[in-house]
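Same chain, two forms, each on its own as structure tokens: structure 1, then structure 2.
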Structure 1
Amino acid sequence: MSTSVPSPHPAGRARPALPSAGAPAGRGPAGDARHRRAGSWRNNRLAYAMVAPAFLFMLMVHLVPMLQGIAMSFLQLNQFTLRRFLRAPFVGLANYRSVLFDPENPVRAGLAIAARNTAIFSAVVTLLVLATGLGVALLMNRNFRGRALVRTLMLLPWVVPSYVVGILWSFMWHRDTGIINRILVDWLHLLPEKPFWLMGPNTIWAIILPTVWRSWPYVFIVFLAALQTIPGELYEAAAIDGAGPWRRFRHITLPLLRPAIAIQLLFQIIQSVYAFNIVVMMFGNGSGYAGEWGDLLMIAIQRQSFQSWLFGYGAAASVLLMLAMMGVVALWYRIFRQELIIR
């Protein structure tokens, strides 16, 4: 004869969850979440402690100067008020209005030409750096004798400091004694006479080529690492199906490299717009003027702000450039956000 024990819970009503073993009784979902966060903090506190110095350093190097520059853009900071620094008279948006609309503003002079040069410079440098890096990465991804040595030699331009690159290429571009004209005119006879490279319209190429020469190895090593993650079975299956090298590149390599290409595209645009060292060292060791076709935005803002001691105007121009670049980054993210999703 069996006896049934009546359930304390009415039929059709869910039985309340019992507390897990070892957990304090009466803790709800919010308490569980807090417990998990506390456990995560305890488990990872050594990692947080090791990352903290780098985080604080980056905060001091990047965030604090940026906030200081934004504060300077609202001040009448010049040679007369420099001693007061951040306590200089507050002028609101007057510096921005003057940089944008006042034709008599000395910092504004030449910024339109510098913006044109920066757009050409950034577009050409980004395109050439990505194309060169990808092309060399495809070649270096093959098996051949001495591949490790050749890969290492390919990185040599990248390890040369940018200041040294600017000085060396300024000698190479010299009209009478530079190696560039000697090769093009004296040895290969490609040009009828030796051109000027450091003045006139050729200046834009004189600053583009050294920048590309130094920048492509970094892109090359990133693309090479990305290429080595593509399974070889994909290429073998495509070859069995009759796909040639171009179709394998177009339908396998290029789609799988799109995340790396997107990241490198953004990096190269930012680095090109903020280019400074090579051009400055090539023209007057930091104080020269690169001419109508060699002046870039960062150099123009720095030169005209510091030479005229108009730091408030210079800070406003720098903030405007930063806002423009934030727009570029937002547009880039809108186009490539699908490439950043890990599948």
Structure 2
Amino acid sequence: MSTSVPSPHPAGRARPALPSAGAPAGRGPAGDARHRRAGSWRNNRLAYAMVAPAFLFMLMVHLVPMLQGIAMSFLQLNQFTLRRFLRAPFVGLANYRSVLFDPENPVRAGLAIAARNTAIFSAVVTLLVLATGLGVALLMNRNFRGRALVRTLMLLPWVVPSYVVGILWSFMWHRDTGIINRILVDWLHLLPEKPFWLMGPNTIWAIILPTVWRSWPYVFIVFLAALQTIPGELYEAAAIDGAGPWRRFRHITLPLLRPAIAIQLLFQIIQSVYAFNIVVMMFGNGSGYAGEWGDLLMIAIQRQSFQSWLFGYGAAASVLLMLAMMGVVALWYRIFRQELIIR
């Protein structure tokens, strides 16, 4: 994924214009674009051929299920018609209408609460993950003894499978026996008595922190890679001109990191809106209900429709969420379009 981030390094920016070996001799460098593209096609034929199987495979495993999901949203698909699957009765937009407007629709129940939680959860998680990732990357982007070891250790949370993260943290959050209350109450005396973390309003923190803990190392490693492409001379020159650390960060680091930040921002938003595993494992291994402050959209949709075998409604709700997310992506694209163009 990080390869799609255009390198801010001057050397990286200047895409080496492939000497078009196949181009007729005598054509000047200002040959027209059409010819150049054709030449690049011919030159890169092998590369395209190599990529094609993977491309087709991705198309198959992503596009086909998506189309199937969209098709399901137009069908009256429940436990009684499931056996007919895509041949279930076609109901047009009725599922969408029902999910959006029918107060008696079972899939709707609690969806508003889940949407609110998801908004809070995604905003806080994205902010904390990016801030932590950037902060630690800045700290690690200097020479010190044992840097490689520390960097490797930093990646540990990221290599733990998310369902394990959920189980581990659920033990840590336990009121009487968990390490978190032990630290907060028994050792630091920050709180007068042990609070519940897996019940009541605190659950929103109980799901945010493990998610941040699991996600920041990835952002960190991407930012660190991006930081290392910024040439030291820029900082030296700025320092000679009298720029302090803050101004160097503000005017050199931040602008050159913008493409990386843009991509990570998008990834984090998408990942947190679709968060599932950690929360499911923390609250009853898929059978429980995280409560009014722990329920998230994906989980609510999954429970209210797929556990209740209302697959048509569930597919409609999923498609609606997807459309909403496409809106978010479009907005993101408008804001960060410039960062994505390879110049």
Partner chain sequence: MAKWSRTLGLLLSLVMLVAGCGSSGQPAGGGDGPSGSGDQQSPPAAGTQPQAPATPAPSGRTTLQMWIMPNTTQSEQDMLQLLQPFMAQHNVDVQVTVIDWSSAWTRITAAATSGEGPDVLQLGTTWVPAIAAMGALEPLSGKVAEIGGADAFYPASWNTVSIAGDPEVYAVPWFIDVRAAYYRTDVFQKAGVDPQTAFRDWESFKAALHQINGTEIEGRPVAAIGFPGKNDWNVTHNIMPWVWGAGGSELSADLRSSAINSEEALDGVMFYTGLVREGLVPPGVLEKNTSDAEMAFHTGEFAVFFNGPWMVSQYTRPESENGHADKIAAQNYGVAPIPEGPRGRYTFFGGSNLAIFNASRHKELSWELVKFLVGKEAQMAYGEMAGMLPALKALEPDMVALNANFAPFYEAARYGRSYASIPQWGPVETVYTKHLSTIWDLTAGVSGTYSREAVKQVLDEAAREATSLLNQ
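Quick note, the numbers are simply positions in structure 1, starting from 1. Note that the structure is predicted; figures quoted are calculated from it, not measured. Each form is matched to the other, and the largest set of C-alpha atoms that superpose within 1.5 Å is called the rigid core.
Next item on the list: Have a look at both and say which one is the form predicted in complex with its partner chain.
Entry: Answer to the question: structure 2 is the form predicted in complex with its partner chain, whereas structure 1 comes from elsewhere.
Next item on the list: Take the rigid core as the frame of reference and indicate whether the C-alpha of residue 66 shifts by 2 Å or more between structures 1 and 2.
Entry: No.
Check: residue 46: how far does its C-alpha move between structures 1 and 2, core aligned, in angstrom?
Finding: Value for residue 46 between structures 1 and 2: 4.2 Å of C-alpha shift.
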